[in-house]
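One chain is shown next in structure tokens, namely the form predicted alone.
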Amino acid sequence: MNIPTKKLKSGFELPVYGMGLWRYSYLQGIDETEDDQEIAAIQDAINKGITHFDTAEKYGQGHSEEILGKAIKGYDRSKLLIATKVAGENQNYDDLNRSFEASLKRIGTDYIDLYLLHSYPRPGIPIQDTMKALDNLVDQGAIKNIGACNLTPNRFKEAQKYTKNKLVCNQVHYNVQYREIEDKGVLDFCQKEDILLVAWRPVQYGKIKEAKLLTELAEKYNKTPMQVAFNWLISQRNVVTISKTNSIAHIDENLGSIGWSLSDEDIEKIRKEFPDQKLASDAVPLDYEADCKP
């Protein structure tokens, strides 16, 4: 399958759908019991046209990166878009460089397509040092593009101020139920500033599939409720998504959200009428109070 992309004026582009690996190994520890299944899922995804894979040094203390590295052996690296992240506590100049080299080694690659700040630097780490380290790695050709996760517009602008390279994306929690990104102006900021918004947890662990509104629209479009939820995201300007799954059946269903579009009226219907909307993430609410601190 040829997955469409969304392209910025800078030339950077991302597929509308990518595979997130955040639970490939436990978040805070290493679990190898499902490695074979997870490697098979990544390879199945590549064989079906998925090229964007998103991981992080924090996922399973780096084991998620190791799983990805094992899975992509034998595939054409140039056709894959690999994204990984540096933890907030590792964003001073020297630590960031060490983290980056460790990620390269675990994945088994000599460059990263998209390197992301997993959060704003921890207190005591100057954002200037963080961005200087990233710029140097871009200059060396080790990083092709830089971005961020879970940043408010003010923090995103502050990070951008200290780099000569465009921050191409902001990866945040956004779906039909969790609307902090709309309510606090993050989506609007990304659309106005030519930044891609990468929505993580797009179907909220599948919990939203029972919503009556999604069921009704699924019948209208001859799709599943999950496919409607995915399509609602990727039908919006500057929005793409990543989703974690180690199920081949779920990969097939997710890919069914591509190649068609909800009408503008139905996009707005979901925006206005989806029940029990939440205006703050239940996982990583953005730190707007920090914007006001000196």
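None of the values given here were measured: they were computed from a predicted structure. Numbers follow the displayed sequence, beginning with 1.
One more form of this protein, predicted together with a small molecule, exists but is not displayed; see below.
At least one heavy atom of I242 is located within 4.5 Å of the small molecule in the model of the complex. Within 4.5 Å of some heavy atom of the small molecule in the model of the complex lies at least one heavy atom of Q171. The small molecule is not shown here, and in the model of the complex it never comes within 4.5 Å of any heavy atom of K132. Within this chain, F274 is remote from the site of the small molecule in the model of the complex, having no heavy atom within 4.5 Å. With the partner omitted here, the residue from T109, N154, Q191, Q204 that has a non-hydrogen atom within 4.5 angstroms of the small molecule in the model of the complex is Q204. For the small molecule in the model of the complex, the listed stretch (93-101, 74-82, 213-221, 194-202) containing residues with heavy atoms inside 4.5 Å is 194-202.
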